[in-house]
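For reference, the chain that follows is the form predicted on its own, supplied as structure tokens.
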């Protein structure tokens, strides 16, 4: 379980490996916020290797999305499996975030 980041100019790509839950959400959130403070404006979170996100993980994403938008940026989510996509639809968070099937698709026009 962990996070991998890639930075290219103002583009930040974060891969979440495992789960995004109460035990690691603060580390995740701080990692992204630190990069946003250093100029990242286009943020892509890749959930291709993620099986589960709990309510605190969703809360961290909502908070990050707000902060990134306040800084004039955009947050995109990619690689959500069927269960995670359903979670975002049930919680109506699919209206707050742009969801993409794959990382490559999310990067087009970003």
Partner chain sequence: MEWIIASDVSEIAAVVEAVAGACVAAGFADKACRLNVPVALTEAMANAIVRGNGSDASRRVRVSACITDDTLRVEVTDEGNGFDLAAARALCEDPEWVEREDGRGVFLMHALMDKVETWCDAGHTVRLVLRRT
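Residue numbers count along the first chain shown, from 1. Because the structure is a prediction, the values reported are computed rather than measured.
This protein has a second form, the form predicted in complex with its partner chain, left out of what is shown; the following refers to that one.
| Quick one: does residue 27 come within 4.5 Å of its partner chain in the predicted complex, counting heavy atoms only? | No, residue 27 sits far enough from its partner chain in the predicted complex that none of its heavy atoms falls within 4.5 Å.
task: Indicate whether residue 23 is a 4.5 Å heavy atom neighbour of its partner chain in the predicted complex.
output: Heavy-atom contact with its partner chain at 4.5 Å: present for residue 23.
query: So in the predicted complex, does any heavy atom of residue 35 sit within 4.5 Å of its partner chain?
result: Heavy-atom contact with its partner chain at 4.5 Å: absent for residue 35.
Heavy atoms within 4.5 Å of its partner chain in the predicted complex: does residue 54 have any? Residue 54: yes, in contact with its partner chain in the predicted complex.
- Message: its partner chain is absent from this chain, but in the predicted complex, do 63, 87 and 96 each have a non-hydrogen atom within 4.5 Å of it?
- Response: Yes, because 63, 87 and 96 each have a heavy atom that approaches its partner chain to within 4.5 Å in the predicted complex.
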